[in-house]
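Below, in structure tokens: the form predicted on its own, a single chain.
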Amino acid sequence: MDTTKTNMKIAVLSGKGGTGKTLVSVNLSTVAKESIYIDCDVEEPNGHLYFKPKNIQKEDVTVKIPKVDNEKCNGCRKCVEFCKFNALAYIKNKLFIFDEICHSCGGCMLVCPEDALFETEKVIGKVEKGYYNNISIYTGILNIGEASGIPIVKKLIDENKNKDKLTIIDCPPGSACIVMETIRDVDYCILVAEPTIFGVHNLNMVYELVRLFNKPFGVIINKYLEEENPVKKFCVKNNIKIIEKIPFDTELGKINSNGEIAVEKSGKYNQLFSNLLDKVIKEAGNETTVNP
């Protein structure tokens, strides 16, 4: 199958960090030969540690935050009453704005009868773009202490929305709003899980999410051993397709811990991830792969 000509978007999810989400994303992007890799794990992006991209371009990501003109403010508190996130407070005849919990909706400015509020730009993080061979690498980085990375994820996704290349999205862990933003327009979701009791709990989080979005999906069991396997039992019970089992392997562990790309170091893993990509593209092209 010629994977270099597809414009498919594939999201890789997990219920928590450390399950192998980036391992899968990086190696799928590499075996595709020509692809876009988007690291949306903006609180702790690490795909770039494997790719070590060249010619990096950086761009700040900003949000609009209200500021107050105290000369105009008459203390009516309409903005305070409007804000459901408690980002404004009127204390001792002065309006205070808490940037950290502001959701940048702009409503406070609309309800202010004195036009005492105005917008300013606040930098919350950045997007980096670089290249590794024929892979375009996009990395979102959220500044420490910022409450939400959703504006960064939106920028990453929107910038690559209409590109005619295979796109692999390395999602944030969990199933919160920021993850919803990453999978909104994808064609297929890969759920990565570890074969433990906790792995079942974490898998169930993203399983419920992709069902809510009605996305085709399949499960990869990472660190797989031929013994008692709660994740495999969960998948069988819920009629979930297991699309790959990545073995518990010291060779892979060493490659990964050295910041190297497995498909470039091991013929065995090159074959595994090449077959996996072909399988995912075939599954995504078949509407009947949406699980019950």
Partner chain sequence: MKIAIPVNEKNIETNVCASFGRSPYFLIYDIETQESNFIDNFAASDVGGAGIKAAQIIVDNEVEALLTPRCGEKAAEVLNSADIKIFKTVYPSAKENIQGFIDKKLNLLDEIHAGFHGHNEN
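Positions refer to the first chain, counted from 1. None of the values given here were measured: they were computed from a predicted structure.
This protein has a second form, the form predicted together with the partner chain, left out of what is shown; the following refers to that one.
Partner contacts here mean any heavy atom within 4.5 Å of the partner chain in the model of the complex, and among 171-179, 207-215, 81-89, 133-141 they occur only in 81-89.
In the model of the complex, no residue of the candidate spot (D60, F118 and K122) has a heavy atom lying within 4.5 Å of the partner chain. At a distance threshold of 4.5 angstroms between non-hydrogen atoms, D185 is out of contact with the partner chain in the model of the complex. Proximity of I197 to the partner chain in the model of the complex: non-hydrogen atoms within 4.5 Å are absent; the residue sits far from the partner.
Mapping the unseen interface onto this chain, L110 falls outside it, with no heavy atom inside 4.5 Å of the partner chain in the model of the complex. Contact check for D164: no non-hydrogen atom falls within 4.5 Å of the partner chain in the model of the complex.
Residues from 92-113 that approach the partner chain in the model of the complex with a non-hydrogen atom closer than or equal to 4.5 Å are K92, F96, F98, E100, I101, in the order they occur in the chain.
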